[in-house]
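Shown next as structure tokens: one chain only, the form predicted alone.
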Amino acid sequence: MSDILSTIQKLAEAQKNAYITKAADEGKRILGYMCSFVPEEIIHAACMVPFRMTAVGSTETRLGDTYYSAINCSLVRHIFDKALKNEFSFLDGIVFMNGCDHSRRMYDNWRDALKTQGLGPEFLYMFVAPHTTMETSLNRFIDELNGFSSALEKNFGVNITKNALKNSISIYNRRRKLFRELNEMRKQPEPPISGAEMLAVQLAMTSIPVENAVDLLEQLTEHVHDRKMDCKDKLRIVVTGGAMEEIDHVKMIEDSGAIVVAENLCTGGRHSDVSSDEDGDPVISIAERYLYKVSCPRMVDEFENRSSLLEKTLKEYSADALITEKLMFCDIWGGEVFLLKQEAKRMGFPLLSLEREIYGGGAGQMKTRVQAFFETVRNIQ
């Protein structure tokens, strides 16, 4: 593995990294978040660093289970377990989101832990995004973005100007353009980067300041430009699903005789390469990007568009099969997977649905299922 890929892998597997420490030492505040709908540009325009909170490094949910039951999302339980162990003590604030009931409840649990246990930080903000894409939803979302900006200004003594927002949109679009360039390369018969490596890239880039992310992505794009993965006799797979941060899980899929050429994940390709309009009012541009271009199953009126985009991805990346990834007890993705199975039948396209608990073990059984599925795909080709 090259130095640049090794650096990125270490960032993806770290609970905290040198880039974040340096930013904090320079006086920048670090704001944690969990969902792709939280507007990073507004946080950045407030001279703060958005930091995507993950379960990386967690080995148990003993403390998290004092607030959540065993039938709640394992990702949320792992993250809150880390919080109760003060592993997010470097954060100056946290932005929660109404993505699903499990993550939304963390806002209530953290406020209780702040009150009863002194669990910081004190700035805990509930960001509420619409669940539909109607015209009234856009107006409501613009109001929410303005309210979020005002809360940051009031609590941290900052001034979020239109110029600052435009500059933030520009640099985040630069990061997204670099992601698009990498993803375009993956359409090649011999992609220059594996799915496991790409997941590490996507995880790492949301755990460091965007300026550092752009620098690393530029280095990576140059490094892999002429690189070719050995794809002989390997199936081309697209992975879709919710949150995924287990790089070893994707590696297991690829080691079973495949290469993941594209993904549509909360922690991956769903949002990483979709840009904002740099013309016009920056708040409206941000609202339109997050509301209309970053669709996930929480958006109740967008399945047809998500299905069409997925079908387009399968064709453009010359995929042989689709794997859906769902965390246990995730009702949102349970419904989505059911609908995707119907779409796969309509298209006559092979689909394997996997369900797991994050860092929950069972790799052997999962690998057996993947290998059996790949054998079936090969037999029908």
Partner chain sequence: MISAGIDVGTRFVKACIVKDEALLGCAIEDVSRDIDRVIGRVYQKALDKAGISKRHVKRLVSTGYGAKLVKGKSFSMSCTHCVAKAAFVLDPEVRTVLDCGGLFITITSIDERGVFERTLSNDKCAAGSGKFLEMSAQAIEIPFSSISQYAERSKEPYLVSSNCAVFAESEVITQVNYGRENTDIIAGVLKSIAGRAATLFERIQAQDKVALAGGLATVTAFSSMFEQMTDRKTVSLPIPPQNLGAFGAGLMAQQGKPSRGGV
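A quick note: this is a predicted structure, and the numbers were derived from the prediction, not measured. Numbering follows the first chain given and starts at 1.
The same protein also exists as the form predicted in complex with the partner chain; that form is not shown, yet it is the one meant from here on.
Of the stretches 315-323, 32-40, 339-347, 59-67, only 59-67 has residues with a heavy atom within 4.5 Å of the partner chain in the model of the complex. Contact annotation: R186 falls outside 4.5 Å of the partner chain in the model of the complex, judged by heavy atom distances. Under a 4.5 angstroms non-hydrogen atom cutoff, the partner chain in the model of the complex has M328 among its neighbouring residues.
Among heavy atoms of Y359, some come within 4.5 Å of the partner chain in the model of the complex.
Looking at A24, you'd find every heavy atom of it more than 4.5 angstroms from the partner chain in the model of the complex.
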